[in-house]
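Take a look at this single chain in structure tokens; it is the form predicted alone.
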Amino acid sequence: MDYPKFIENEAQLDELLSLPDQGLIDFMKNLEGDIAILGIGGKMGPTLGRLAVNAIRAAGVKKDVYGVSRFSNAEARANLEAWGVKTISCDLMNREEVAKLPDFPNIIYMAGRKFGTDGSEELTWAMNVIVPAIVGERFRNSRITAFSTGCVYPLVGANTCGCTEETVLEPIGEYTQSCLGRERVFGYCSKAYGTKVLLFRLNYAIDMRYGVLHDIGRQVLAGEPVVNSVGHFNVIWQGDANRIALMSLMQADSPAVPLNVTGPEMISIEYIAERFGKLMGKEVTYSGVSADRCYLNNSSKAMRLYGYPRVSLDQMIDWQAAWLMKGGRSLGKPTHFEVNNGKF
């Protein structure tokens, strides 16, 4: 499709993030049953729900999309309902509330905790391990795509071409250890109950309001030194990540199947910073010593299954620079992409 040169506002951004392609539309024609998104209230969940609704409508089939969250933000819940998502308020830590949820044949599991782990490790472990156990037991008969992270892999250099799904997992720090715990719990449920599970190892999804490109671009625009403690990273447009998340339901299996999800490039931080510097008319400086030990995923399996991302890296860079220069809203949630010691 033809994308706009610039993204003018959040309404246009959310619309772009929620546009289905023909592949997703055809997928919805063949997927049996409703879809539930557990933990829909995060950064990616709302547009994932809207994307699913749009794809179902375009496919001309009858199925519902449910969004489950505690919904502390009433406006966010109202937006989801306006987009066609049926919302259900539920604390996923509460077994009794989870037990009362309807039977959902297809689940995208997005609940989890990352930022603020350092100093509150017990809460992170509870969210990332106990909640999957509750959900895995309750929805043992469902098909589940469970969001995980590429940070369960070891740090590697760009010359390795990134970690594949066969790479031995070596999480660093309590956050990433708890993410491996989440995977292990879903893996246990998959083996014990025969639940079809896909482990969605994502890094890093972006839109204009947050993400690695946002963080680097903001530093360049503000004249701040760009943190260069890791040499390279991966990114993928959030709309593409959401599209793959929905379609990955058909690859869920027992035992659980891992899938790396990110863009195809291994991107140099200095390359991105210099591109932003040129677009913004800013001189770029750096802080930290670049150590080429990074979280890098090889997403060749996902590319083979679902095709290359619709939004290119060049397009994302241009959009991000323009968004920041005109004062577009930020979620105020740094990715901490520069962290390589596991402390989030």
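Just count from 1 along the sequence shown to find any residue number. Small disclaimer: the values here were computed from a predicted structure and weren't measured.
Not on display, but discussed next: the form predicted in complex with a small molecule.
Student: With heavy atoms only and a cut-off of 4.5 Å, decide whether R243 touches the small molecule in the predicted bound form.
Tutor: Answer no; every heavy atom of R243 is more than 4.5 Å from the small molecule in the predicted bound form.
Student: Within a 4.5 Å heavy atom cut-off, is L101 in contact with the small molecule in the predicted bound form?
Tutor: Close contact is absent here: in the predicted bound form, L101 is far from the small molecule, nothing within 4.5 Å, heavy atoms only.
Student: Although the partner isn't part of this model, could you tell me whether V152 comes within 4.5 Å of the small molecule in the predicted bound form, counting any heavy atom of the residue?
Tutor: V152 lies outside the contact set for the small molecule.
Student: Would you check, heavy atoms only and a 4.5 Å threshold, whether F233 touches the small molecule in the predicted bound form?
Tutor: Residue-level check for F233: no, no contact with the small molecule.
Student: From the list R57, R70, K63, R310, which entry has a heavy atom within 4.5 Å of the small molecule in the predicted bound form?
Tutor: It is R70 that has a heavy atom within 4.5 Å of the partner.
Student: Report the residue, out of L199, V220, I272, A205, that has at least one non-hydrogen atom within 4.5 angstroms of the small molecule in the predicted bound form.
Tutor: Answer to the contact question: A205.
Student: Quick one: find which of 220-228, 248-256, 185-193, 85-93 has residues within 4.5 Å of the small molecule in the predicted bound form by heavy atom distance.
Tutor: Of the options, only 85-93 has residues within 4.5 Å of the partner.
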